[in-house]
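Read the single chain below, which is given as structure tokens and is the form predicted on its own.
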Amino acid sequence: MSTPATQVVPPLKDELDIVIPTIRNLDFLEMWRPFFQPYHLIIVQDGDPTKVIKVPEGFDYELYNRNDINRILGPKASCISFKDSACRCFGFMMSKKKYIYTIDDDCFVAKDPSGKDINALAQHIHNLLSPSTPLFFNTLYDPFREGADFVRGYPFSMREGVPTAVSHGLWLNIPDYDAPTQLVKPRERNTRYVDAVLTIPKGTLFPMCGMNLGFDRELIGPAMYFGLMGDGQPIGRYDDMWAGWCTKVICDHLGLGVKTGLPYIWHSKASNPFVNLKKEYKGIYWQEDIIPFFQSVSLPKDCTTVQKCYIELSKLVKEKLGPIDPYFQKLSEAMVTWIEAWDEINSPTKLEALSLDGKKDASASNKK
């Protein structure tokens, strides 16, 4: 009598949500089905809430539109961007899981140099479950990867590393360029598959891209606020970068790590560079002040939680960046509102109320 094959349980199946912002039917999930179907999806519908978004059969998901955001957050809904992929952070807030993976709906499964499909989610999970080394750079990159270790001269006292809060993945095909670079290099494609993961050193900022991103929600979730972008705002396409700058400063302060590199996804669609330039042009000027600001931020020792760090950061944004443009005053206030909404939504009483409400309201929770 043959022994039945042991079913392989997907890693972190009950501990991870996949968050997807979208304005269209999610046909792209068909390609991801082998990797995503075991997991719970949180879909944040941007734009017109009356539009029906179709999700392929067989996925477990909940779908939120703007009406749901307004209903759940009330006046605090003002902190969630409209007509911008920054709305994805509402999904981060609504998740009840320890880990988040977020991906854009124009991203597909990439292939490694051998032609094998890349399970991006599995690589993010591996990154998040292994320590980071932000205090001392290892020249073999990630020492916790199979076939690698700490090199000679690496202090033994630092080899334990620190918890990894963020796993930043990359993209093949369409590069994540700003509008001026898009205009200069319209046909450029990223074909380089670099088989590496490394920890971004402490004190070093990076331009975080939200289209292929994993993070530990319990460690850093409240800092993953994608700002005020899109409709009614003077800037767009800086949402993920803003979250990345805030997150990195807070990770450095709290002794957490950020990894970048593998996994790759296939970015299929180049956005219009002229539209992008209109969204970005203020940010292109402002970033010359924003970057030095974040490089000089020093958070007080009594900021021992992500929330405390973020509130302190909001005060500094108002004080240091507010004089540049009134937008930063507004952004500072939205940062505070975001933390208040996060804490309210994730309070035990609110979680219970939302759970009961979700069972009654099929529009906010579409289970398939």
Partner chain sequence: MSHISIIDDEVDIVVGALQPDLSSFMEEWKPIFSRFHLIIVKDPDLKEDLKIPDGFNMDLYTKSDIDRVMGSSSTAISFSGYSCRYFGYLMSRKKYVICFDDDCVPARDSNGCIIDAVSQHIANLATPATPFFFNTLYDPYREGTDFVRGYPFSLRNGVDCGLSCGLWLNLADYDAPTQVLKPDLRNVRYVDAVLTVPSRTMMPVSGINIGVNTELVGPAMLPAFQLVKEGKIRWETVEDIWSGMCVKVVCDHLRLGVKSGLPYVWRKERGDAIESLRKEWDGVKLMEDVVPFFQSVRLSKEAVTAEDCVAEIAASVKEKLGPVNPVFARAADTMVEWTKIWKRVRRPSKVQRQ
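Residue numbers count along the first chain shown, from 1. In this text, all values refer to a predicted model and were calculated from it rather than measured experimentally.
Although it is not shown, the form predicted in complex with its partner chain is what the next lines describe.
Against its partner chain in the model of the complex, would Pro273 count as a contact residue? Criterion: heavy atoms within 4.5 Å. Taking the distances in the model of the complex, the answer for Pro273 is no, it never comes within 4.5 Å of its partner chain.
With heavy atoms only and a cut-off of 4.5 Å, decide whether Gly153 touches its partner chain in the model of the complex. Judged by the heavy-atom cut-off of 4.5 Å, Gly153 is in contact with its partner chain in the model of the complex.
Hey, in the model of the complex, does Leu183 get a heavy atom within 4.5 angstroms of its partner chain? Flag for Leu183 set to no.
Does at least one non-hydrogen atom of His168 fall within 4.5 angstroms of its partner chain in the model of the complex? Heavy-atom contact with its partner chain at 4.5 Å: present for His168.
Heavy atoms within 4.5 Å of its partner chain in the model of the complex: which stretch among 75 to 83, 121 to 129, 253 to 261, 89 to 97? Looking at the partner contacts, the answer comes out as 253 to 261.
Every residue of Phe137, Glu288 and Ile291 near its partner chain in the model of the complex, heavy atom within 4.5 Å: Yes, the whole candidate spot contacts its partner chain.
Can you tell me which bits of 179 to 212 touch its partner chain in the model of the complex, meaning any heavy atom within 4.5 Å? The stretch 179 to 212, when checked against its partner chain in the model of the complex, contributes Pro180, Thr181, Lys185, Glu188, Arg189, Asn190, Arg192, Tyr193, Val194, Asp195, Ala196, Leu198, Ile200, Pro201, Lys202, Thr204, Leu205, Phe206, Pro207, Cys209 at the 4.5 Å heavy-atom cut-off.
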